[in-house]
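As structure tokens, one chain now follows by itself in the form predicted alone.
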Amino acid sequence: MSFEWPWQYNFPPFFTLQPNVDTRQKQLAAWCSLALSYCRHHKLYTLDVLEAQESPVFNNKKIERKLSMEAIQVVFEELRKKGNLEWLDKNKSRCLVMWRRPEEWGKLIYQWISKNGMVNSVFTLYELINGDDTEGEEFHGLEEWMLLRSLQALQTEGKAEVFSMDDGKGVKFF
């Protein structure tokens, strides 16, 4: 299945931050939506800011337009404010992209656990994200850092407990 670009992507002014406040807010919302949709489609969890400008999401070669580095930073800052992005370094050169927040992943995982009658079961983190049972589930292949955050959100709600084992971490669902 190929990625479906929004109509704005082929509209040259979309690649220039608009001066009008209302227009800019709508434009930033569209950029945030596009970036998150693209990352979700390609299962991207980390982005390098310098590489981002050459990435298809910010560089439309068909119309020969690309978003400036300053504009990309504005989009990333907007994503950070919404809780969808977290910087990995002080220089803001690499970031974690959360196209689904940890609480949302936790809810999805817990729904799967409940639906399959696995409450009060123990799993390794590996089983949850790479196991045969989770194949075809949206969280299958989830990066471990995001899985841990998701499980910590469930732990806060009293629905799970994360623990350490000899060869890694495990989780029990309640």
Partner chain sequence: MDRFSWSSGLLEINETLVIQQRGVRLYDGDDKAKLDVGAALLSTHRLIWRDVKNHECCLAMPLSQIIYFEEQAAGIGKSAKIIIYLHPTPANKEPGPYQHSKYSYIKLSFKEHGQIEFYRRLTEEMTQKRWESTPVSQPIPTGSATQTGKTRAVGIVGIERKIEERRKETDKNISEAFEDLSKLMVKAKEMVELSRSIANKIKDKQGDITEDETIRFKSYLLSMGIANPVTRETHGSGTHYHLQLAKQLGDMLQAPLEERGGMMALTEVYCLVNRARGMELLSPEDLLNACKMFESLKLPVRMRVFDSGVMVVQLQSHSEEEMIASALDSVTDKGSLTAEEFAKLLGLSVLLSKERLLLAEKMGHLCRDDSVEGLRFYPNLFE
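None of the values given here were measured: they were computed from a predicted structure. Residue numbers count along the first chain shown, from 1.
What comes next is about the form predicted together with its partner chain, which is not displayed.
Just one of 140, 65, 40, 107 comes within 4.5 Å of its partner chain in the predicted complex, counting any heavy atom, and that one is 65. With the partner omitted here, the stretch from 140-148, 42-50, 121-129, 24-32 that lies within 4.5 Å of its partner chain by heavy atoms in the predicted complex is 24-32.
The shortest heavy atom separation between residue 163 and its partner chain in the predicted complex exceeds 4.5 Å. By the criterion of a heavy atom within 4.5 Å, residue 156 is excluded from the residues contacting its partner chain in the predicted complex.
In the predicted complex, its partner chain sits within 4.5 Å of a heavy atom belonging to residue 18.
Among heavy atoms of residue 7, some come within 4.5 Å of its partner chain in the predicted complex.
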